[in-house]
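You are given structure tokens for the same protein chain in two forms, set apart as structure 1 and structure 2.
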Structure 1
Amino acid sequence: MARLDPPKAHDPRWRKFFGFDAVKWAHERLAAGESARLGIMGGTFDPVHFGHLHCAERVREACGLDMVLFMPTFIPNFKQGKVCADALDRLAMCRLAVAGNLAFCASDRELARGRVTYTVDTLRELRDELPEGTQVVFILGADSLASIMRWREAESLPVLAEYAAVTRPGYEVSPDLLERLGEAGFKVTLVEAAGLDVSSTEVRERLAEGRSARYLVPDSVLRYVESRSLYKECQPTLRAQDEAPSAQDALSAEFFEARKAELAKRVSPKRFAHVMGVVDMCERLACAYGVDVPTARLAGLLHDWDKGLDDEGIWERAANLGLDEVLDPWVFANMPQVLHAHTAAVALSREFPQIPREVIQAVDRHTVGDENMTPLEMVLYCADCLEEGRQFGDIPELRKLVGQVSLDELFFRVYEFWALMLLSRRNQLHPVTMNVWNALIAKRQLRREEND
């Protein structure tokens, strides 16, 4: 029987920007006979700075961690009212800061809850969800270690994780503290590191006073701070919990109409007509193949969100979003025509956090596809090609297949058509095309054998 490879660990680019599924990651590693040692770096990250990155990297090394998650808290327990930047900005900055390190990821797990978060709840949730065999190490600086006994349900913390504390200038970890923690059952590794004397407080003060924070904070984060005009003065701007929009809002008619009106201003009339054709085709395909219709329509509406930009414009936008640091440099330099999918996905997820993640991922994958496309992603990909306004080549014939063949087969045929067209036009091919093609062939063979 033909062998189908298990789904690969997440595309690092996706992981960087749209969150990381720690549970899936752990399952995959354990199934492959690898270790799954997961570090959790909690904090306000207001903003993230080199002290945090340094601390995480030293622990990763000392404790042999396979992955470190930077997890900003929604509203920090001891800091309510003192926070300057919006939760989503803090998350976005973490994503930029970890972009260059494949062993680091940002996680929206605490933010996604949308309420005051305690470490004990997060660790308990992770324990419940992670497969047995995953080791969780909670990372903190020396200052935080000193207060851990005062955290909520401190008595439950020792069984939920191990702890790794990094020395921090200005804070001492006394043998007495370590002894008391040991008596309380905590397993603590003290990582002695050359201290980086930097704090978010200092960074905020510098920025508010118009002084430089370079080399205290990654450049990409500083660019973000500037583009969002953060820390000009320190004001609490956290979104009230009950105002936080939900995924349901994003699937409402109001949200659709508001984005449609915006899109009409972002793209040419011709492009707008194409997009509305894709929306209709998404609906038709969703009905034919049992995909949620409002979700598919929204994906159709948003897929060309950034298509109004020319090459220069799209490069600039991609760089401003930090994509130049995570995309394949060759693709970035040579294929501006595919960048709009990635910029749209990143920008939309930041501006409208209520948009369901599956929609964002479908937008992200609508140009080159992926080896493991979800039904929604295949619907959008096919709709983009098969909308009624497109008449060239085999498209009218392919359109007749809707509902006649399975969604997998339709996607295969549409992908094949595009790939052949690109070759016949002697265009460059995105390097991922080959992987997608090979996966499609393997899946098709498997379908055939199952039918035999």
Structure 2
Amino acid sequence: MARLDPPKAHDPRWRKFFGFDAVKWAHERLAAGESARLGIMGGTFDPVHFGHLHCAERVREACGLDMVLFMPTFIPNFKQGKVCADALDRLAMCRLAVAGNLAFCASDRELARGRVTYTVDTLRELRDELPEGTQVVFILGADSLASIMRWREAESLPVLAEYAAVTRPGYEVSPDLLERLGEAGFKVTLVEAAGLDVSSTEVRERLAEGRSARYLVPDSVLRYVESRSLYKECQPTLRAQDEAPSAQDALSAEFFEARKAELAKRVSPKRFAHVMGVVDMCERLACAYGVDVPTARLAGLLHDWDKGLDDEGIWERAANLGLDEVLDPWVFANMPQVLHAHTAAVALSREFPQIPREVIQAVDRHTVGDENMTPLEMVLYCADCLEEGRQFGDIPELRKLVGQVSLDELFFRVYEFWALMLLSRRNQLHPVTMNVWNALIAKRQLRREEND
């Protein structure tokens, strides 16, 4: 089969081959006295499938759209490092998928930027270029509505576009949520799309395993995938139980080194240095207090897995993992700095089911703790504070206590240090912090009474 190569990013044919000039299209339609209702459907499209096409068609029909732009992201901010196909390949597949529908086009707008962008950036850029009278409708999943007011510059979103939220049968959007969005100025249309439960993950897994993905994606896309040998090496989440590594594999040196190399690409050099310092301190504490060393080292390595995201990025990642419906709404809205623990725990458990449950729970609890911390969880919490790179406040003195006091006492002293530091800086306290502190005081008093 002939190889279907897209042009390189620097090739002058880039826009001629892939581009759709939405601005020119809008001008021509308005000049002819026709409407110009433009739908924007963003996503990774890794690869594009019939579920995407079905949703776009339902929205086009329900909202009276004249054109729907399929706009692949360059690198989505909550999936950095997780995209399998190259940006140009994903765009080429979109172009092939929409070729048979005159109301669909693929756009290179986000890819041409060559960097991570946010919804508000794209919509504002379009608004600046499109002629007056063009109506823009942004298409999103209904589950994203709950977090849209926490997106970057959310206050600007209502004036930049209308919003079409795609629901599935049986999924109900809260009337209270719709009321809040309306009060904030959002114009939202709910569109139910039934019958096509397809995911890009499922398609990638089938292709990676050599199974058929026919009738899940257009034939033209399958031919392109075959010609480019895509997804053969992309097997991060195989479902077959006989191919899932055992729990012991997650504690192997090979697994540790692979995650270490991946983490180095996910976070800044400074953050990576901190993580490796935590790994070393976890080993030291594990040896001092009888905790399994490989398990402690793995927890130390993974605890800041999602620290490479800014506030908007972590909100979006949490929402896409479904955590915006689970976590305390006040914490979700006001303390994005602690969310990385929860997103990492959920994401890691899904992507690497072989990671021991106790490691996942330690990662989840490493920011604010819990009333009943296990020895591993206390080791990680203390190591995050006491690693050698931290030299401020009483940390050097606290580090001297390792092996000299019990693990319970060390955890108490470290927790006390962080709480007092937050208070001195007049920072907000997590609602769980008071509960943990009260539990620590009660346990401390009980130990004293038992020793008297």
Ligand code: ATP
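Since the structure is predicted, the reported quantities are computational estimates derived from the model, not experimental observations. Structure 1's sequence is the ruler for residue numbers, which start at 1. Throughout, rigid core stands for the largest set of C-alpha atoms superposing within 1.5 Å between the two forms.
Novice: Just checking, which of these two is the form predicted in complex with the ligand?
Specialist: Only structure 1 fits here, because that chain is the form predicted in complex with the ligand.
Novice: Relative to the superposed rigid core, does P353 relocate between structures 1 and 2 - that is, does its Cα move 2 Å or more?
Specialist: No, the C-alpha position differs by under 2 Å between structures 1 and 2.
Novice: Any CA movement of 2 Å or more for F45 between structures 1 and 2, core superposed?
Specialist: It does shift by 2 Å or more.
Novice: Once you overlay the rigid core, does the Cα of L65 travel 2 Å or further between structures 1 and 2?
Specialist: Yes; that C-alpha moves by at least 2 Å between structures 1 and 2.
Novice: Taking the rigid core as the frame, how far in Å does the Cα of R90 move between structures 1 and 2?
Specialist: Looking at the C-alpha of R90 between structures 1 and 2, the offset is 25.9 Å.
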